[in-house]
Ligand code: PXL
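Have a look below at one chain only, the form predicted alone, in structure tokens format.
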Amino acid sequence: MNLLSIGGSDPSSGAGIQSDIKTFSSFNVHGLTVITAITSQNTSNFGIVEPVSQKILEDQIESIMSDFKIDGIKIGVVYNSQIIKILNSKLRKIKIPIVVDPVIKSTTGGMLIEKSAISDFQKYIIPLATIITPNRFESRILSNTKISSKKSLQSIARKIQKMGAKNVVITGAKTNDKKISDFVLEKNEEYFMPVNKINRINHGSGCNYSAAIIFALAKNMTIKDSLRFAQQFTQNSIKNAKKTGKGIAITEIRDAINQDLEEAINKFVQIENIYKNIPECQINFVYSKQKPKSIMDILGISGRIVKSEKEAIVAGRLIYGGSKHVATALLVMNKKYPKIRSAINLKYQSDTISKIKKTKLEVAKYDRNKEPKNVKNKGSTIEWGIKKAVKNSTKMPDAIYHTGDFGKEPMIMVFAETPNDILKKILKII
């Protein structure tokens, strides 16, 4: 997949083109760029902005359009009327999703569009938008109306939609101490999308949000699912924000593997009575890169998911190489079944095995009593056991178990393509 970001250059890599490239890379897609303006800014101050010439803008667009199949476009900083009109002439006949992030003012204080260009933005850029994502300030500028109530919010969104945008999302439209809500106006539906409020000033979250939306749209997600996906992605980027410079923190984008595993772990520990399935050696939950070569290509918890009274608690952070035993099991499985990229270990219980069989999931086992002495001495039990279990299998096992050995705890391991698939299987068997 190829996604194109059209916007300004931010040398601090907190926002703009640089931020979009980081986002696209985290989704494992190829990011293309057309730079409209160059800024001088950092995490503390905004310096100046200088638009590119008409010739270099047109040449950038032509060079990209003539060579790549583009699956989606995000438009950020456009700065002046000349840039706006060129973009309209080049993009108005394109039949792919376009997300417009109407960047008017930088978080660090700089104006990123000339006041005289606002009317041309309304006339030539907004009609290109599959989705437009103004915040409260930007929506007021574009509609010339202040948000004072739900009714005024609806009115502003409709005004922007009448300018040509198919769908309007006013970010941060409603807020209280615990929640912040985006207001969404689709063609025939309007609704709020609330998320937990994170009280932290950051640089880059707006770019993260719009870039994640265009990825989701290009993957053929619905409007609502695209917005949910982007909202969660942005929440994570804010939570992980780091103060790398002397000023405000820059959002940090984790790769898609990290994001998917983190979300699955958060859901796993919230499963009712899940603590009853935690073995004495605790739990690890892992997810690998494509074609893993070693456990260093497999993301896992540096500690474990542990039992604390009647709760499951994550003790540790996600790092590549964070798991040895579960990652080793996954590595062996992946060699025979390359689709398998996620695994988790659970407490052995005969009831669980019965449920696995009743749900018609494929189950395999191995006997640790038959483990050769040289394997025990080398400490490669997991590798030997998984190989033994799948050696003669004709179908991909959903789970593999053993009933233990002297001083060794019995165990169940569940395998799947993704962490979310692991969760679906676990909900069937516990």
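Keep in mind that what you see is a predicted model, and the values were worked out from it rather than measured. Numbers for residues come from their place in the sequence shown, where the first is 1.
One more form of this protein should be noted, the form predicted together with the ligand, which is absent from this view; the next part is about it.
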> Which of these residues, Ile344, Ala212, Val77, Val168, gets a heavy atom within 4.5 Å of the ligand in the model of the complex?
Replying inline: Val77
> Taking 4.5 angstroms as the cut-off for heavy atoms, does Ser26 touch the ligand in the model of the complex?
Replying inline: no
> Is Ser106 one of the residues lying within 4.5 Å of the ligand in the model of the complex, judged by heavy atom distances?
Replying inline: yes
>> So, Ile253 and the ligand: in the model of the complex, are they within 4.5 Å at any heavy atom pair?
In response: no
>> If we define contact as a non-hydrogen atom of the residue within 4.5 angstroms of the partner, is Ile305 a contact of the ligand in the model of the complex?
In response: no
> Using a 4.5 Å heavy atom cut-off, which stretch among 38-46, 62-70, 387-395, 363-371 contacts the ligand in the model of the complex?
Replying inline: 38-46
> What are the residues of 1-29, in order along the chain, with a heavy atom within 4.5 Å of the ligand in the model of the complex?
Replying inline: Gly8, Ser9, Asp10, Ala15, Gly16
